[in-house]
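Form predicted on its own, single chain, as structure tokens, below.
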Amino acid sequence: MSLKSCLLAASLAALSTATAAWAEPVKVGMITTLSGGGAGLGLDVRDGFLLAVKQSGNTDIDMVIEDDQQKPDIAVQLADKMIQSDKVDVLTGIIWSNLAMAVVPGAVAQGKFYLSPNAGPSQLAGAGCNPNYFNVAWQNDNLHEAAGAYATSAGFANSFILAPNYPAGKDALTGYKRMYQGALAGEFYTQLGQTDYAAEIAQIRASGADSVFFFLPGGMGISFLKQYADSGVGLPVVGPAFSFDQGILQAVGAAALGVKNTSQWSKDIDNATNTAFVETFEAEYGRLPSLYASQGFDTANLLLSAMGKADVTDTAAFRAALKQADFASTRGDFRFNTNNHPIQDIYVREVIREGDVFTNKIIGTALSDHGDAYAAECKM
């Protein structure tokens, strides 16, 4: 399908979910990570979001964008400013689960909508759910559950597993163990932001493991993969997309080739919206989109779809419009569970090289129409 055809199909899909005249203007506060080791993740979420707004032609979204510096106290200060001084209607953008836990409960308690383009801590999917909180990415456990399911199907029977010691890291190992049926050669929590993994790799070498599962997003994953490749341990590696995403792969290089990873999105998902998104994102920014960029793009389109149906000042109607998720997702089929978290397919991808670019291709589906384990705890 040509780019022109893709854009036309995507435009028609968008028009089918929006009225010709937008509802009342919406002020959006985006708190995300734009500096430090996690900056690439926040930049991709921001750029994907802004691309969707630009393509929509909507001029009634007023953006306030701030850098949380990956610090919970800064994120809370920014949220307070945006709510009290900037008078935002909707908050979004947070990458890290510890920052989300610091910001989201207070924001929704003040009647603001929060649309998560990334962090999905279990606490906010279960007993801490809220009608004004929507996660457009996944619940934290999901991609790790898919990795556990894949590891089992691949015949791995003695995995060594590790992740950073923060909410998403704990959800990661919980998710892997939920679907993985083998034994554990070791289980280890690293420090958040750690860059030296010599001790952990020594433990893996001595553990008798037949495979390694790790969740180390951003710069942590780059450091680990390079050191692991240099170590010569050589055990098969499985992980979520966060450690094998587009920006990370270019930094890691050949060390990642052949690694299997799990994701709800990939640039080769075959639908008109995704094809157009990949081409237009690369044309706009000069790089291939990542998982995070796709999530930012989908988050903006969810917001736009709700704006086409209701005024943000009518909280109940706007909430109902968000819940419908009446937009064309880059993932194809997308709907919200009872706890406002996605039900979606999660794929297995393999790291490959296309010319000079390291990227991923889908090789199978790990979990179909998959929700999360905490929805039953959500009372709303």
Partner chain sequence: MSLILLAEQVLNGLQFGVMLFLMAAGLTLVFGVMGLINLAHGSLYMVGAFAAAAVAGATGSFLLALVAALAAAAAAGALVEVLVIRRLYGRDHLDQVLATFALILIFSEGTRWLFGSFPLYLNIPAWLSGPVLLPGGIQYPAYRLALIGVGLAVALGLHLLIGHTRVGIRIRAGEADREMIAALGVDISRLYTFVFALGAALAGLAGALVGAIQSVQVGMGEPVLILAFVVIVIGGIGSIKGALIGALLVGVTDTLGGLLLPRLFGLVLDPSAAASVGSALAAMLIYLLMAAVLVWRPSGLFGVRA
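Just so you know, these numbers come straight off a predicted model, no measurement behind them. Numbering follows the first chain given and starts at 1. By rigid core we mean the largest C-alpha set that fits within 1.5 Å across both forms.
Not pictured, yet referred to below: the form predicted together with its partner chain.
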Partner contact check in the predicted complex: of 260 to 268, 295 to 303, 196 to 204, 143 to 151, the stretch with a heavy atom within 4.5 Å of its partner chain is 196 to 204
Residue within 4.5 Å of its partner chain in the predicted complex by heavy atom, from V278, A251, L184, A272, is A251
Partner-free chain; cross-checking its partner chain in the predicted complex, the single residue of P131, G247, P236, G126 with a heavy atom within 4.5 Å is G247
- Task: Decide whether S35 counts as a contact residue for its partner chain in the predicted complex under a heavy atom distance cut-off of 4.5 Å.
- Result: yes
**Asked** Does its partner chain get within 4.5 angstroms of any non-hydrogen atom of N158 in the predicted complex?
**Response** no
In the predicted complex, does P342 come within 4.5 Å of its partner chain, counting heavy atoms only? no
With the partner left out here, check for me: in the predicted complex, does some heavy atom of E282 sit within 4.5 Å of its partner chain? no
Contact check, 157 to 172 vs its partner chain in the predicted complex, heavy atom within 4.5 Å, ordered by sequence, gives N165, K170
- Core-aligned CA displacement of D270 at least 2 Å between the shown form and the other one: no
Using the core for the fit, does the CA position of T190 change by 2 Å or more between the shown form and the other one?
yes
- Taking the rigid core as reference, does the Cα of N165 move 2 Å or more between the shown form and the other one? yes
